[in-house]
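Read on for two forms of one protein chain; each stands alone as C-alpha cells, with the labels structure 1 and structure 2.
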Structure 1
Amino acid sequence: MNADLRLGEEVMDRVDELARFSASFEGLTRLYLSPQHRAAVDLVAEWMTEAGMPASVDAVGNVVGRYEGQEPGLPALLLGSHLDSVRNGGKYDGTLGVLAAIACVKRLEGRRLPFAIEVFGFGDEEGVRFPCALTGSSAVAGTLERSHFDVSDADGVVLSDALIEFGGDPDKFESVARNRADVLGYIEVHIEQGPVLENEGIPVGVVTSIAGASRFAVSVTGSSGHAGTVPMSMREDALAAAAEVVLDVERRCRGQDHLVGTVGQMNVEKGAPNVIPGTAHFSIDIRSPDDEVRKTAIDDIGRSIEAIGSRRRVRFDIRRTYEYPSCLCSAGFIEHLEAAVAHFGIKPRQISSGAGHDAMVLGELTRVGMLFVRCKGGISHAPEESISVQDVDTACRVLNSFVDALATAGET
C-alpha cells in the first residue's frame, strides 16, 4: 500500500532497540521501576528531545515530552502508551504506542499546531511487579491516593522505595496530575492483542470502547480426606465445587454477546493425588464493554456459586481484587480516526477492546480514542507477539492524519 515505509521502519527499529532492555533473554521482561525500565525511559527521553520535545521523567516514573503549540501553554493533546511489560512478554505491547507518538511529533519538524502535544511513556500499566496497576496513567488522571505507594513486590520491596531508587518521588505524585482544562484528549496506538483484525485482513481498527472488568479471588473450603476411604456420598470436595464454577462462568459468558469470563488460576491447597481437596483457590475475571451486562453476569454467577456451595456443603469466600468500569471512546475521535483510516483506502473497522489500557484511566480525565494494530495470531504477553512493518507504517500515517485533521478542525 505504501511503498515508502520509513515511518514504520524507524518505529520498528526503535522497538528493537528498546527490547534490549529486558530482564529475560526470551521475551521482554521490563517491570515497572526496574533498571531495564529506567534504561528504556532514558532512551525514550533522548528520542523525545531529538524530535523537538523537551522531556523529563515525572514523580511516578512516566517519561513525558511536551511539544508546544502555536503559543506556549496551550491545552495539550496527549499521546502515548506504556513502557513496562509483563514477564516474558512481547516487545510491541505498549512500546509501539509511545514510539508512534514520538514519530508523529518528529515529522512535524517544528511546525506548530493550534494545540500542544504531550507524549507519555507510562509506567506500570501491566501491574505485574506490584499488586496494583496503571500507576503512571492514574497519576496523570489524578485518581491516585497516597496509600497506592505502600504495596510491596514479591521480594518485599515497597513501591515508594523502588520509586525513589528509580529517581521518582512518591511524595510528589499529585504534581503529576493534569487539569481538565489543560488537556484536549488522549489518543493511544496499541496492538490489538486479539484475533479480530487478522481474521478480517484489516491492518488497523478504531476502538469504540474499552471493556469494564471485575476480578475476584475465590477460596472454597470443603473437607479434606483420604481418597481411598471416604465414600463419594460423604465428600465435600473443594476442587469439584470449584470445577462447577469454572464451567458455570464459561456457560454464562458463552450465552451472551459482548461478555467474556475466565478462570485463569486454580490451585489445590496441599494438593496430592491421594487426598480429597479440602481447599482450592481460583480467580474469576469478567469483562464487557457494557457495565450492566458485566454486573448482571456477576450477579448470576454469584447466585450459582451460592447454590453450588449449599448443595455441596462447601464454603466460598469471594474477594474482589480489581474493578474498572467500561470506557467509551469519544464519538468525535472515533469519527476523525475513521476518516483518517478511510483516507488511506482502508475500510474503517470499529472494534471494542477487551483488554484494559492506559486510555481507560485517562478517560476519567478527558475524552479518549484508540487505534488498534493487527497482530499475528492475536498473541500478546508472549515472546511470539508480532506485528508487521507495513501495519505499523499505516498506523503512524493514520495517527499523523488524525492530528492534522484535528488541527485543521481547530479543535482546541
Structure 2
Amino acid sequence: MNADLRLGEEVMDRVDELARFSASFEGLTRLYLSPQHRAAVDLVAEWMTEAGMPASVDAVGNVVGRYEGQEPGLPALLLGSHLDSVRNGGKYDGTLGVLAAIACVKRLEGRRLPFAIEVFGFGDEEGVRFPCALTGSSAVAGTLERSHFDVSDADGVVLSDALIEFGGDPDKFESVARNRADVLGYIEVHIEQGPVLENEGIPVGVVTSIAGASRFAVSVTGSSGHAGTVPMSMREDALAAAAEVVLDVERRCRGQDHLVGTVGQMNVEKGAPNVIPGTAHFSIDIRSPDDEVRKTAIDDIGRSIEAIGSRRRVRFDIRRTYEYPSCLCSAGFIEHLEAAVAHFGIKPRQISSGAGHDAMVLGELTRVGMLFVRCKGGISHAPEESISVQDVDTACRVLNSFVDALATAGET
C-alpha cells in the first residue's frame, strides 16, 4: 500500500468490498432492510470494532460504533453517512462517509479526546424502498413518529414487519434518539454529486447549506376511452393532464434562480396504445436553499394544477411524501473545516448542496458540517459514479485534522 495514500486506499478497498452486497449486477442496489443492507451493516460493524469502537445495530437498523473520550460518557461528535442506495446507483454515495469516519477513528490509534466519537451507518436515507426517507437519522434526531413504520413497499411489505425481520424493533425507535446535551455536533463526508469541484480542479469543498426539499405523489383520474372513437374535445385524458403539469413544473422552476423542480416518476394504469389514459400517477420534487422560494413555487404549482384539472375535467389528488426545510451548516464547523483544508495546501471552496443528506435532519438536533469530495463528471445515483483515491485520501486527512482541531480547541 502506498504510504502517502494509505487512508484513501484502505477506504476505497472497503468501498469495493461493500459493493458486493448489491441486488443488481450493474451499479449498486442496496435497499433499506434488504438482505444486502443487513450484510453491509454486519461488515461495517466488524470494521468499527477493529477500529476500537464497540458496535451495535439499533432499533431502526442503523449501525453505530462509539469511541469513548478521556472519560466515559462524554458528549459525542457524530460522524457518518448512509449505507442504503438508490436502485442501480453508485457505490460511493453514502458509503464513503461511513468508511471515512471509521478511518478517522482508526487513525487515532487509541488516543483519547476531550469528547467521544460516534460513527453512524444510517439506514433509509434514500427513501427508495418505502414511501418515506431519512428514517435512521430522523430516529437519532428524535423527530420520528410511530406512524412512520406503517407504510408499505411496492410488494405490500409493511416497514415495521421488514424492520422486525431485519432484527430491529419499531416499538423501541424512541430509544435511538440522542439528547442535545450529549451531542457535540455532526460531520458528514460525502461525494459532491455535482460538477462544481471538478470544473474548478478542487478535490474537496466545504458545504455551507443544504437545500430544503418537498416531494409529492400525484394521482390524476380522468376517463378511459377508445383512442379512435372519442373526439379530442370530449376527452378526459389523465396522461395529457399530467404531461401539462410536468411542463408547468419545469416552466415555474426554470424561471427563478436557486429553485429546481423535477418529475422523476410517471406511470399509466393499464396503459395501451389504443386507449385514452384514465388514470396516471407521477411525482414532483421541489428544492431550494431558500424555504420561502420553495414554498411560493409549491403554492403556484398547486394553483396551476387546480386550473389544469378544471379545464381538462380531471381530478388531481396530491399527497406530500417528504418535507424538510433548508439547513445552514455551523459557522464554527465551516471555519474549522476550511482551516483543515488550507492546512493541506488547498484553497478552501465553499459550496452549497442541492441534494438532501442525513446532515440536514441532524441539524434539528445539533450543529452540522459537511465536506464534499469531487466526483467525475458530477455523476451520482448511477453506476458511472467515480471518485479518485487521491481525493478520498485528502478528505480523510482533512476530517482527521478537523477532529484534532476541535480537540485542541477544547470544544465539548
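As the structure is a computational prediction, the values presented were derived from the model and not from experiment. In this text, the rigid core denotes the largest set of C-alpha atoms whose superposition between the two forms falls within 1.5 Å. Structure 1 provides the reference sequence; residues are numbered from 1 along it.
Between structure 1 and structure 2, the form predicted together with another copy of the chain: That would be structure 1, which is the form predicted together with another copy of the chain.
Angle, in °, that the smaller rigid part sweeps relative to the larger one between the two structures: 11 degrees is the angle the smaller part turns through.
Angstrom displacement of the CA atom of T229 between the two structures, core fixed: Spelling it out: core superposed, C-alpha of T229 shifted, distance 8.2 Å.
Shift in Å of the R319 Cα between the two structures [rigid core superposition]: Its C-alpha position differs by 4.1 Å.
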